[in-house]
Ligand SMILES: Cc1cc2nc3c(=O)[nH]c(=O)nc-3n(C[C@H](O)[C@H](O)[C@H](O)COP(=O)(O)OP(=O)(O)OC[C@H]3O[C@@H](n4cnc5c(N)ncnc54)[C@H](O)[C@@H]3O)c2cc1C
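To begin, one chain is listed below as structure tokens, in the form predicted on its own.
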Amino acid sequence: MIHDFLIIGGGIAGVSTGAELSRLGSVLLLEAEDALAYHASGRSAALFEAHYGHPVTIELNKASHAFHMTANGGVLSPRGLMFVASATQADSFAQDVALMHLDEISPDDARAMVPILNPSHLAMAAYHGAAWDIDTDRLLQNYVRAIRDNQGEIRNGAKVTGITRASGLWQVTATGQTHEARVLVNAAGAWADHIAALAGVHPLGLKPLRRSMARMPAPGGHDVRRWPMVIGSGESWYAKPDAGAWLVSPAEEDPAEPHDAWADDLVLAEGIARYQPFVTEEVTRITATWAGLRTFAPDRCLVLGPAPDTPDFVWVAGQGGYGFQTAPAAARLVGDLLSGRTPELAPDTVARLGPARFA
């Protein structure tokens, strides 16, 4: 069978794009792992905050908000976002407030929301209520259902080992089988440049960056369910409630090769050391650790659209940790570009997301 679209990558980027393209033609999605959303998508902080990210990413966030809030009953629930700073972090705190459109609040007000904040170290705080948790599993499954409702096919455990092109068709070999398609969509996350090279398309210089996470019991036995996500000024660490427990991340961006990432114990210890002075409860026990790769293009914008010299090779890459919150608008843009529709996003935003900017 010749498919209209063959998508490589079963994270949120590939699955959301697959759902959009399944309205235009036949879709086959190949995922190397035995489960969807195994790598970066399965290790997301799962927060929607419209003003978080590169200015172009923010445009995608804003364009995705209504979908996240309403489609299929919506996937957002209230969380809130707080930035905190010590007396020595005034400059970075001022930048955070301006970039994230935060409202400054008193340390006492911050402690009323998060009672473990340390009054002897906390000097400044700011808050934004318009930040939500994303039900990432529900969002993913909504897109999976859309693909299957439109007779699309998803194959797990299908690692791509070869790509050729002949007579206007792509031939993709995965786990001993060869599939043909008119359009090849590269949504392979940290492996996207590798897939491009296999296809004979010039890589973009994508950089996977590791970010680690530690899960621990709720500090001091508190009920953390209604606490906001808390970020150290300059994004030097962050903490977030998670199913009654407490997550702390060093928020590092350490370069890594594409692989099944794991947390670095030393990096975690350094991040917890930055977090610890801000709270009164000492970190005494960690119940789990993990890491994910946030993959960025050189300019830290997503890359969405056909390769300029190979228009039937389509990039959906460089999500950089913003994959879930940008997915609705990013997928819709790819659908617009491949169907010939006028994109809903502004032309300058579309140009800044297109792979032609690297030509």
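Start at 1 and count along the sequence shown; that's the residue number. Note that the coordinates shown come from a computational prediction; the quantities given were computed from them, not determined experimentally.
Not pictured, yet referred to below: the form predicted together with this ligand.
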| query | finding |
| --- | --- |
| Partner-contacting position among Leu333, Ala40, Ala297, Ala307 - heavy atom within 4.5 Å of this ligand in the model of the complex | Ala40 |
| Among 157-165, 115-123, 80-88, 265-273, the region lying within 4.5 Å of this ligand in the model of the complex by heavy atom distance | 157-165 |
| In the model of the complex, Ala187 touching this ligand (heavy atom, 4.5 Å) | yes |
| Leu60: touches this ligand in the model of the complex, heavy atom cutoff 4.5 angstroms | no |
| Ala181, heavy atom within 4.5 angstroms of this ligand in the model of the complex | no |
| In the model of the complex, Gly9 touching this ligand (heavy atom, 4.5 Å) | yes |
| Heavy atom contacts to this ligand in the model of the complex at 4.5 Å, residues of 325-343 in sequence order | Gln325 |
